[in-house]
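The chain that follows stands alone, in the form predicted on its own, written as structure tokens.
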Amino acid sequence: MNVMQIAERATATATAKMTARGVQVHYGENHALKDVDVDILAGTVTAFIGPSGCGKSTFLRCLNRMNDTVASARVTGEIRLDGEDIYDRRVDPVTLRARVGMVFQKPNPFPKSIYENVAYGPRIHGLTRNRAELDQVVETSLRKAALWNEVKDRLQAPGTGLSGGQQQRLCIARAIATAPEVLLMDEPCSALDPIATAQVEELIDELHTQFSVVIVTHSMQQAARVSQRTAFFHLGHLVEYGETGQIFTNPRDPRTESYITGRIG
């Protein structure tokens, strides 16, 4: 490791919100993720890119223990949030997921009102003391998700009645209502039209000042637009991780260059 890489690692470690060391994931006999080391930096958008089936969504789901819900999954290695081992038996996965929120590929609002979609998390986690505080959390979350002005006069209408782009922003509002420290987004724009995609990308740019954001995307253009750090996965390996500009213009690994230029993937 040269001096520059040592300095980069020291800087990353000093500002890391989450750290992963030696992470392996097996689904039964399938070795899906192999020896991943990465630092997720505070106040940064980190993009995971790579071909389908390369392990990027699998790793994303390790960061809030969503793989716990898959019977055949086995996760080894170490993942820490603010220095705390999130796989420690004393860590409650439900509490962890309030700190590490998630937005999925397809908008999945609850079959409840717009208000209740956002209020659900703060209510079950006991984050508010009364209705006035809950009202404020709902409004603040919808404002942060750039949705308040569109829905403020119909908060009791069903969330499922919104357009696709609005539903995804509602899911973002729902995720940030518990005041998470990290926000995971698994292909959040893949089901959206170009206008809704642009709205969500603009929102991601605003949210990273308050949260550490990690986004899985098949779109290299999207990764280049929204992220400051990019990780390239291939065949279950984390091949390369660094500043987005460097990854796209001067990748160190020939496999990264092959993917960026379209020769693999």
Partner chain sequence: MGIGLLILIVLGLAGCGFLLGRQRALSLVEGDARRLHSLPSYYGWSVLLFTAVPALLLTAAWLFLQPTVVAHRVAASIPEATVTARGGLDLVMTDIRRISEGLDLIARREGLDTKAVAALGTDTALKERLGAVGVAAGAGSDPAVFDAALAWRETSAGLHRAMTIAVLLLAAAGFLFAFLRISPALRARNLVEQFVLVLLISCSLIAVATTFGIIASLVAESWSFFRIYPASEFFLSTVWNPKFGGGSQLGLWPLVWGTIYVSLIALAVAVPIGLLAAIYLSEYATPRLRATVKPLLEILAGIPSIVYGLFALITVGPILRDWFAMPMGLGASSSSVMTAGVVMGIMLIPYVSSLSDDIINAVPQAMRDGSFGLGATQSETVKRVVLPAALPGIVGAVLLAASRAIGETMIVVMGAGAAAKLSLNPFEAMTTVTVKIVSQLTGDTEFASPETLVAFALGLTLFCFTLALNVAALVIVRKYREQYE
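In this text, the rigid core denotes the largest set of C-alpha atoms whose superposition between the two forms falls within 1.5 Å. Residue numbers count along the first chain shown, from 1. Computed from a prediction, not measured in an experiment: that's the story for all the values here.
One more form of this protein should be noted, the form predicted in complex with its partner chain, which is absent from this view; the next part is about it.
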Would you please decide whether Met66 lies within 4.5 angstroms of its partner chain in the model of the complex, comparing each non-hydrogen atom pair? yes
Indicate whether Arg174 is a 4.5 Å heavy atom neighbour of its partner chain in the model of the complex. yes
Can any non-hydrogen atom of Val100 be found within 4.5 angstroms of its partner chain in the model of the complex? yes
Contact with its partner chain in the model of the complex for Pro111, defined as at least one heavy atom pair within 4.5 Å: yes or no? yes
Based on heavy atom distances of 4.5 Å or less, which listed stretch (129-137, 187-195, 77-85, 116-124) is in contact with its partner chain in the model of the complex? 116-124
Should the three residues Ala146, His218 and Thr244 be counted as contacting its partner chain in the model of the complex, with contact defined as a heavy atom within 4.5 Å for each? no
Does the distance between the two CA positions of Val182 reach 2 Å or more between this form and the one not shown, the core being superposed? no
